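First comes one chain, alone, set out as structure tokens in the form predicted alone.
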């Protein structure tokens, strides 16, 4: 049993590894060749319980907890990093935000189908010119027109938008209100006109599970799909990203572990000067630093999940975990590339692919520089990272 991990969590990680070996590896090359979205694999992941760990049985979940979400996210990203996206869109950022902030009707309409893999989710916050100030710099607008809102604008880097049935999308209902003018909406891109999603080509990343540029042209959203009330969007987004940091941090640890696994195997097999390169101290130094960084990051991620499972404020822990996990992944990718040398550029080995996913995750749910500022301001007593109350309907049933 891993340190701090219950046996059922370890067994869960092992079941995810078996799933990847039997259900993903044999068929995914064909999906990548055609660019077709792998609905059948996503549905099998749902049937295996990957997406429902953070949800109660009443909506189709298993109530296994956030530590289980972390374990699933780490393992799937270690073995099949393109499917790590699903742990945000189907297991956390999209459905959990609806569960956390939605009405009873909204929860019953949308959450069960998302975690069952029957509907594909998305989370649309970022915009082309917004950068890390996605809410403050938001240009997308939502104007009420009778029983609907009409949304106009664009979003960028929206995972699964080209396949999404249900999503969370943020727009300004009060353009002059700054972040207080942002409102969250549950959107249905396939049911209403005015929504266009174009996949963004990104070398090294999946052609089948991809991010998109989104364009909204009088896109219709029923008034009943407003999440929370007008002006709640900023706090909803920040709360959603908190839970997204759990999956992104866990996925980063999984990618870092993949780098270490491949580098260790290669160092034992590659012979230079009559000896495996793993016997040379320069390589040993790289392996040692990778090992320590990954273990430290993993423990911080587990602490974040533990706090979430207890319903406690986790802002500080989330920033620490995200920052440490991304740094561990970037260091592991660079070290593995050094160990593989020229072969790190060859498609024969997976390091090139893993590095591309490391670079992508580094900017998700807050770049390292954003986390660095949050951590420093907290440590210096300028702004308490845990100053905002937690919203976790699963662990605090009294939340309305």
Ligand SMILES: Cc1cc2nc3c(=O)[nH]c(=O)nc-3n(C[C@H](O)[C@H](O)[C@H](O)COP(=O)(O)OP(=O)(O)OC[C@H]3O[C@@H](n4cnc5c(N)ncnc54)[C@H](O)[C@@H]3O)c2cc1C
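Predicted, not measured: the structure shown is a model, and the values here were computed from it. Positions refer to the first chain, counted from 1.
Keep in mind that the form predicted together with this ligand is missing from the display, and what follows is about it.
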- Query: Just to confirm, residue 367 within 4.5 Å of this ligand in the predicted bound form by heavy atoms?
  - Reply: yes
- Distance check, residue 363 to this ligand in the predicted bound form, heavy atom within 4.5 Å: yes
- Indicate whether residue 157 is a 4.5 Å heavy atom neighbour of this ligand in the predicted bound form. yes
- Message: Using a 4.5 angstroms cut-off on non-hydrogen atoms, would residue 373 count as touching this ligand in the predicted bound form?
- Response: yes
- Can we say 89, 125 and 130 each have a non-hydrogen atom within 4.5 Å of this ligand in the predicted bound form? yes
- Message: Going by heavy atom distances of 4.5 angstroms or less, which of 206, 141, 239, 211 would be at the interface with this ligand in the predicted bound form?
- Response: 211
- Considering 296, 272, 202, 223, which brings a non-hydrogen atom within 4.5 Å of this ligand in the predicted bound form? 202
- Where, among 190 to 198, 273 to 281, 213 to 221, 149 to 157, do residues come within 4.5 Å of this ligand in the predicted bound form by heavy atom distance? 149 to 157
- Scan 225 to 253 and write down, in order along the chain, each residue with a heavy atom lying within 4.5 Å of this ligand in the predicted bound form. none
